[in-house]
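This document starts with one chain, in the form predicted alone, laid out as structure tokens.
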Amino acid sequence: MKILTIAWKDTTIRFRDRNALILMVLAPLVLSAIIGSAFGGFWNGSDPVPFDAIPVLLINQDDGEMGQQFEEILTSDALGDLLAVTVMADETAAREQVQRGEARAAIVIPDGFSEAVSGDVAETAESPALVQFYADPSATVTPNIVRGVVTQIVNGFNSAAISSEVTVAQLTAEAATLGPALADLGTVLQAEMQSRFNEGQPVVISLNDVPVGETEETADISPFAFFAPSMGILFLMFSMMDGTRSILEEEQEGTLSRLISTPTSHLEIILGKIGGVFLTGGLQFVVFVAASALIFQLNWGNSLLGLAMLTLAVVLSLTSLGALIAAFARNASQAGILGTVVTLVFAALGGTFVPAQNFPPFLQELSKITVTRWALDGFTDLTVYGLGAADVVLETAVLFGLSLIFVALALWQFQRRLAK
């Protein structure tokens, strides 16, 4: 009961502080709005700024004229501002480059391409020449642009092949009355090509689209689905560091010693102080979630249980981390400096400003030592991917585990400190 009394008293004092309310609620909302708006086009894949020519790899395995024409079209000056085409001979090496993200797509013109285009449509349609298209699905826009260009080129070759077949057939069938037939040739040709494409009949050349690497589902993603949780966690961390540092301020001012003189154990006092910081953080984040949902129309996921579990784990882990820093700091000033440094390092390394998935591999692994990375991974699963409670169990368990370690060390050090 004493623990709850101390915790509630500290919580009500903090929420009476106007400056603290600005830091806890208003600041993360404003920053979320600014950053989310600035990066909105990038995040949903609309590319609001012009991009450089798209790196594309071309492997031409065809020795004929048509394969050479295909290559010339892709490498022409007309497409130079859009595509940066590199001609290669090794298909396997090209796929590996796409998988590593060094190129957005690889196009393979197969052996026998020219024969397929120049041969009999009815025969080659049974086993069309496949133009292989390898794309990195983690890129949201550029592979689709390249795919559209290649599709147009493929359709052009198919149109040429069908035109030749229909022309020959029409002329042969109407050889006796060549004049009248020639008048209808254009209409017949256009109708035949339209029917073949619309009805999905086999064609001479087809595009085989092969994704390379892991797909990232990024369609229709609001930028606020990432930046709102990241800013909320950042300012929550600042608040938790400031809240636990206040224990040392009370120690310097003598308030804590007067509290120790009452018939209250050291453990109850420390738990009450830490509990007050935890209650403050919990209320801060709940208000932030409600405000961001109202202002930004942000959907915090389809699982209320998952959101509650993760929020509890995040607030507890950050409170425990702040308590740990305060417990081992010499004074409130040192605790403030250490808390700020840890907050900023964890924010940068944990992916607060840029998703950790965009880091180099070694930094991605290193980021897992931070509370921020696990918290953001969990909230991203809920807000970006719409997953449920079962999908954030790992993140929740890791955060609870870290909380137990941090709070155990903090309590041990605080009791040693107060016993002196």
Partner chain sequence: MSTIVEVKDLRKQYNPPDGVTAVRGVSFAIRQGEIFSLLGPNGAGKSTTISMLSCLLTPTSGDAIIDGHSIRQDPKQVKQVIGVVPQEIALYDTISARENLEFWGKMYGLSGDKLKERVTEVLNIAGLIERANEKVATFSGGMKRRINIAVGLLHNPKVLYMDEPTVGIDPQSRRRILDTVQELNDQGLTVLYTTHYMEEAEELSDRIGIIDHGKLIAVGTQDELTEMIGQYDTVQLDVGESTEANGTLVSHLAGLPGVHQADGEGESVMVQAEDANQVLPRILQTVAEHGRSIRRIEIKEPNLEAVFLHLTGRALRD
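Residue numbers count along the first chain shown, from 1. It should be emphasised that the depicted structure is a prediction, and the values quoted were computed from it without experimental measurement.
Keep in mind the form predicted together with the partner chain is missing from the figure; the text below concerns it.
Peer 1: So which of 102, 91, 115, 250 reaches within 4.5 angstroms of the partner chain in the predicted complex, heavy atom to heavy atom?
Peer 2: Among 102, 91, 115, 250, a heavy atom within 4.5 Å of the partner chain in the predicted complex occurs only for 250.
Peer 1: Could you work out which of 297, 152, 262, 76 is the residue within 4.5 angstroms of the partner chain in the predicted complex, going by heavy atoms?
Peer 2: Comparing distances to the partner chain in the predicted complex, the residue within 4.5 Å is 262.
Peer 1: How about residue 302 - does it come within 4.5 Å of the partner chain in the predicted complex, if we only consider non-hydrogen atoms?
Peer 2: Looking in the predicted complex, residue contacts with the partner chain do not include residue 302, since no heavy atom lies within 4.5 Å.
Peer 1: Does residue 331 make contact with the partner chain in the predicted complex, using a 4.5 Å heavy atom cut-off?
Peer 2: Because no heavy atom of residue 331 falls inside 4.5 Å of the partner chain in the predicted complex, the answer is no.
Peer 1: Is there a heavy atom of residue 415 no more than 4.5 Å from a heavy atom of the partner chain in the predicted complex?
Peer 2: Answer no; every heavy atom of residue 415 is more than 4.5 Å from the partner chain in the predicted complex.
Peer 1: Using heavy atoms and a 4.5 Å limit, would one call residue 255 a contact residue for the partner chain in the predicted complex?
Peer 2: Residue 255 belongs to the contact set for the partner chain.
Peer 1: Taking the partner as it appears in the predicted complex, which of 142-150, 104-112, 233-241, 262-270 has residues with heavy atoms within 4.5 Å of the partner chain?
Peer 2: Only one stretch qualifies here: 262-270.
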